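Given as structure tokens, the chain that follows is alone and in the form predicted on its own.
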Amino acid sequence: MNIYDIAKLAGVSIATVSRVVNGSDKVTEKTRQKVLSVMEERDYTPNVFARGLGLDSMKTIGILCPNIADVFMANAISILEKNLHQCGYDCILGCSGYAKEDREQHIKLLLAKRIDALILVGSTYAGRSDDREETDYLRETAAKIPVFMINGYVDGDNIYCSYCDDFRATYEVTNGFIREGRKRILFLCDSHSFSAKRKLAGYEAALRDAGYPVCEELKFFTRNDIHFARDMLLASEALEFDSVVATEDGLAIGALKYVLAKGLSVPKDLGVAGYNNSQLSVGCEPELTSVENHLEQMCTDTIECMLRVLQGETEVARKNEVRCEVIKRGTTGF
């Protein structure tokens, strides 16, 4: 019998059980008595973790992201921090940038703070290639504390990853354009990260399945900056395309501004789809078709997984893939 079993029998979350055993006042008396009753019936005694994780625990979680200004990462950190505080944890935030040496250095700094676990936000930490050496520093870190990754996957003991099904979502968007009769579908991307590579694979698979050629000139890489993306597209006068599959909403908005500058119409002349279903997707006209990657679910799943691991459970899945959803709006006709 463990904290996960108690939560299931009481019909509450692991976080609620944790709050009860730690004496948190953020639980109603009715819920508290319900949990305590189940614990008494099952003769369950909270272990060292449940009473405060022992003398060596700071009840502090390290959170690392490359860039807090990124909308996706900022939203993730907001959700994580709120959930961690509800579970009685503090957190220390670090912004590592994208360079490998900087990522490694920031992890060392967080480890020096005696954190109980490390949460990495962003597929950057999963590496840009299939070379395991690029992520060996994460396996070394996981030998010391549990490591949790959001929006990426790294194979290794004590590393737990939650990511969305980018391949299927991008395949679906690309296939939607193909069904509309689009012939020149532009893939607009800003990185070569784990997530971006899965999106590219989905785009290419949809083209191949439809008998379309995979054209290198239609894989357009640019900075995730609205005006920069617009200007890069305007400068590429020889590039012909009738639709855009963008890996970020900001890139998609850049494509919409390109349409405006060219005097074209959306979606008649050019269909555009973004990714992340951020506020940007409803802040433009027409509103942007975008992929909802269920970031909140990924973050919540990560926290629950973390609680189970810290509690001592050994049968915890190391891969959690969340299904995406295409939110269809006015920039596409499919």
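Numbers for residues come from their place in the sequence shown, where the first is 1. Fair warning: this is a prediction, and the values are worked out from it, not measured in the lab.
One more form of this protein exists, namely the form predicted together with a further copy of the same chain; it is left out here, but the text below deals with it.
Colleague: Specify the contacting stretch among 284 to 292, 30 to 38, 265 to 273, 305 to 313, defined as having any heavy atom within 4.5 Å of a further copy of the same chain in the model of the complex.
Modeller: Correct option: 284 to 292.
Colleague: Could you check which residue among Val154, Ile77, Cys164, Leu186 gets a heavy atom within 4.5 Å of a further copy of the same chain in the model of the complex?
Modeller: Of the listed residues, the single hit is Ile77.
Colleague: Looking at His106, Arg128, Lys100, Arg168 here, can you tell me which has any non-hydrogen atom within 4.5 angstroms of a further copy of the same chain in the model of the complex?
Modeller: After the contact test, the surviving option is His106.
Colleague: Using heavy atoms and a 4.5 Å limit, would one call Asp90 a contact residue for a further copy of the same chain in the model of the complex?
Modeller: Answer yes; at least one heavy atom of Asp90 falls within 4.5 Å of a further copy of the same chain in the model of the complex.
Colleague: Just checking whether Leu260 would be counted as a contact of a further copy of the same chain in the model of the complex - the rule being heavy atoms within 4.5 angstroms.
Modeller: Because a heavy atom of Leu260 falls inside 4.5 Å of a further copy of the same chain in the model of the complex, the answer is yes.
Colleague: Is the gap between Asp231 and a further copy of the same chain in the model of the complex 4.5 Å or less for some heavy atom pair?
Modeller: No, Asp231 stays farther than 4.5 Å from a further copy of the same chain in the model of the complex.
Colleague: Quick one: is Gly94 in contact with a further copy of the same chain in the model of the complex, heavy atoms, 4.5 Å cut-off?
Modeller: Yes, Gly94 lies within 4.5 Å of a further copy of the same chain in the model of the complex.
Colleague: Using a 4.5 Å heavy atom cut-off, are Val121, Thr135 and Glu325 all in contact with a further copy of the same chain in the model of the complex?
Modeller: No, the candidate spot makes no contact with a further copy of the same chain.
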